[in-house]
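Take a look at this single chain in structure tokens; it is the form predicted alone.
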């Protein structure tokens, strides 16, 4: 795929929107507006945005938990409004306020996610089998972290996907720390992409802080899958600027992460890197970049107002209707 100017601007706009909504979700959690918990995306936005922005509406995504899937949802063209209203338990949310961060947008290929680490793999294989059988050229893109890669479900799903040449792309968002354990202490090789070799599927390692590199790699893998050539593996070497989840200690093996290491990671902020690149190439002007930032903040403000004005569920029969078919 050759990226035109409008494609690059779209990528950048989605990155900026993702960062703005992710920061807002962190604020809302602190204010008690967003219920339960939140796993921020800051530093790791590029794999989801780059991997989803150029998919077809009917392509299916399994989002990673970073930002609770905001990078993937926004990349896929899903409005954050209903998704975040659901996070806040409002009746206007995507699941009527009963689903937390488990929301479904079938018209955009977002069919939900499981709450257990590693459940993404067999579910994605099931979707990919359905996509192969329906013959419409759909592709499944499954996002997962380095912490998921050692689950047994990966091997079972990868074997089945390769054996049946299923149209699935595995995208590993490797930030190197899982929750509290560095990947070098959990896997013997430098690249998790080596996991693909046992199943004969092609694999590539890309700079996960470069949204364009991610988009190029995932687009190529998606085209291959759409042509009936089976699964591929894309490993994105990315970063996590803060703790695994808000309220969690930011530790490695029980010790605080080195703040100097985190500052070094922040030198490769994916939003700042892509902004500089587009300014240098003349794709954006400073005025364009500032306008995109203002538009993102206005969208966040509009979403917050929508959430604030939305009621909590007040329908005694809602739970029965949600659980049982008539």
Partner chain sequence: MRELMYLQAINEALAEELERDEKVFLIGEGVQTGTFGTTTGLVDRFGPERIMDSPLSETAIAGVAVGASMLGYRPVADLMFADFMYVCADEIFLKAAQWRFMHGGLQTLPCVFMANIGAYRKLGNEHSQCPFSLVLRSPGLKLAAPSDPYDAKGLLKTAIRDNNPVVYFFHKGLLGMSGPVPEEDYTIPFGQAVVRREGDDVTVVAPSFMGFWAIAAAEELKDRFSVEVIDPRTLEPLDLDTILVSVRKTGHLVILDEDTERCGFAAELAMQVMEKAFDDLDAPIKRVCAANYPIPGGVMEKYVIPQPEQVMAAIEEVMA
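Positions refer to the first chain, counted from 1. Quantities reported herein were computed from a predicted structural model and do not represent experimental measurements.
The form predicted in complex with its partner chain exists for this protein as well; it is not shown, and the discussion that follows is about that form.
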Partner proximity in the predicted bound form: residue 62 to its partner chain, non-hydrogen atom cutoff 4.5 Å: yes
Please run the contact check for residue 156 against its partner chain in the predicted bound form: heavy atoms, 4.5 angstroms, yes or no? yes
Contact of residue 229 with its partner chain in the predicted bound form (heavy atom, 4.5 Å): no
Check residue 298 for me: does it contact its partner chain in the predicted bound form (non-hydrogen atoms, 4.5 angstroms)? no
212-220, 69-77, 140-148, 234-242: which one contacts its partner chain in the predicted bound form at 4.5 Å, heavy atom to heavy atom? 140-148
At a 4.5 angstroms cut-off on non-hydrogen atoms, which residues of 92-129 are near its partner chain in the predicted bound form? List them in order. 94, 95, 97, 98, 99, 100, 101, 102, 103, 104, 111, 112, 113, 114, 115, 116, 117, 119, 122, 123, 125, 126, 127, 129
